[in-house]
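Only one chain is shown below, in structure tokens, and it's the form predicted alone.
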């Protein structure tokens, strides 16, 4: 058993490096085919990384999407604090900020510029406000709008609440745009993966046709289809590996070129956003997916065309 396994692994190792040697004899052809694969894979990968960065930017939406509870003018501070204690027990709420009537009046004077006009009023016309920050999910952004709308309806029915107000229209639009981009990336990835399969399949088909006479001779002396198939599968492996590495290089280079102007733009809005290039998991998925496409494309091509070659 040990000798058989050693022989089996040795044969695979020989074919592994033999297929690489065959490819390096035509470096220009190898580079062009790998570049086509790399460009096809780099586009959806780059869009995926950009989408992840957009999600990081939108992570601040949980502080931007706030519900303002305007309390009835007859509500005292003690009653407002009682309501706040009730709200703190709700899991849908992440943070609560209370603005008393006096604080609201002072802030209005500071921001509006009509402080002197307000002195003519006998009573403070502004109500107390409870600002509620909902707990939003980063993994399921589209459900946030429905959950926040449901929370808004619950808070509207709370005691001492006169008006519950929320402006989520721009948040809905942003989530919708991100969902469209996400689905577009999935569709584009599927189409380009199919293109990679066709490219590798056609390349392997040409390699099979060029070695047709050799395949016929191998079959005449008793070579099995498995033995003939093995070097072509490893050829697809190498095309997938080199294509994935080129895609990784293209993605990293492109994102590095974009990172400085994007960070400069976000800093102008006083944001601490730092663009993420590509993480380890994305790298593994890119390289692994590229190799899998290479093996799949070569397998389909070999299975289809190898049957057509038989000694006569």
Partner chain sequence: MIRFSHASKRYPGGYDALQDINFHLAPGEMAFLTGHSGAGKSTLLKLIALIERASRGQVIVNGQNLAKIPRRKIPYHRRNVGMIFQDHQLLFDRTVFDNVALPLVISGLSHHEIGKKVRASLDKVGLLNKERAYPITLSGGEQQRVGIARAVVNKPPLLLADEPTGNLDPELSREIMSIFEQFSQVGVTVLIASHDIDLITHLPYRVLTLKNARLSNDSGSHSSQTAGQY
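Quantities reported herein were computed from a predicted structural model and do not represent experimental measurements. Positions refer to the first chain, counted from 1.
Below, we turn to the form predicted together with its partner chain, even though it does not appear here.
Using a 4.5 angstroms limit between non-hydrogen atoms, residue 222 touches its partner chain in the predicted bound form. Although the partner is absent here, residue 217 lies within 4.5 Å of its partner chain in the predicted bound form, judged by heavy atoms.
Remark: residue 182 does not count among the residues lining its partner chain in the predicted bound form, judged by a heavy atom distance of 4.5 Å or less. Within 4.5 Å of some heavy atom of its partner chain in the predicted bound form lies at least one heavy atom of residue 11. Note on the partner interface in the predicted bound form: the residue among 160, 227, 98, 108 having a heavy atom within 4.5 angstroms of its partner chain is 227. The contact with its partner chain in the predicted bound form, taken as any heavy atom within 4.5 Å, belongs to 211 out of 211, 94, 205, 73.
Annotated contacts: 18, 307 and 311 all touch its partner chain in the predicted bound form [non-hydrogen atom within 4.5 angstroms].
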